[in-house]
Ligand SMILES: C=C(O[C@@H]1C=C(C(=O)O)C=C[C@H]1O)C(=O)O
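Here's a solo chain for you in structure tokens, the form predicted alone.
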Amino acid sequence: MTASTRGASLRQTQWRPHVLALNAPRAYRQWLTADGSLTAKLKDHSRAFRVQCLHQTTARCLTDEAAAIGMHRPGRVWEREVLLRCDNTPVVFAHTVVPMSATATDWPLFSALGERSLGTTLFGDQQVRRGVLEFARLREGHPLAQRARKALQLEQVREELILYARRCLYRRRQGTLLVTEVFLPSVLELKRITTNRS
């Protein structure tokens, strides 16, 4: 294997339909396979949840995303990246891509999300159809692992640490939208918040 081939393999990953194929620690698996809205689950594990929008702009989609969103080869997409914070601690790096062919009718609120939760929007819209989850281990050379480290300024993630991620394709009218959620080590420290009910 040449150096360029090794580099290419590190920048891509194999997305799998079963979480057990990752050999991920059990503590991660409960987050990776959680049903419903991740936003809702994170809110249940924090007193103050917020979305920190890193950017929302046009960009070139990743090689392992193109086919998933119906593109023959990597091309320009709308891209949104955020950190999901629980009690101000970043616990998830989320990356969303939408083909440029999508219209405002397909995704009417996407362009104006700002620091609002995309998950809340998706799960609150009855016209949105959710696909199946796929899972992957992101090695340090994968672009999303690198972006997560950059967003955290390397304060939480050691260089050699493998990150675990899941992704899901959503459809609305003629549009597709691919959401990838990268779980940071700090997510394992979250505890469900219990409230006393009278």
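Worth saying up front: this structure is predicted, and the values here are computed from it rather than measured. Throughout, we count residues from 1 along the sequence that is shown.
FYI, the form predicted together with the ligand isn't displayed, but the following is about it.
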Notebook entry, point to check: Out of 131 to 139, 36 to 44, 144 to 152, 65 to 73, where are the residues with a heavy atom within 4.5 Å of the ligand in the model of the complex?
Noted result: 36 to 44
Notebook entry, point to check: Hey, in the model of the complex, is R116 touching the ligand, heavy atoms inside 4.5 Å?
Noted result: yes
Note to self: Taking any heavy atom pair closer than or equal to 4.5 Å as contact, tell me whether V187 reaches the ligand in the model of the complex.
What the structure shows: no
Note to self: in the model of the complex, does L122 come within 4.5 Å of the ligand, counting heavy atoms only?
What the structure shows: yes
Next item on the list: Flag A94 as yes or no: does it have a non-hydrogen atom within 4.5 angstroms of any non-hydrogen atom of the ligand in the model of the complex?
Entry: yes
Next item on the list: Scan 166 to 191 and note down the residues that get a heavy atom within 4.5 Å of the ligand in the model of the complex; none is a fine answer too.
Entry: Y170, V179, E181
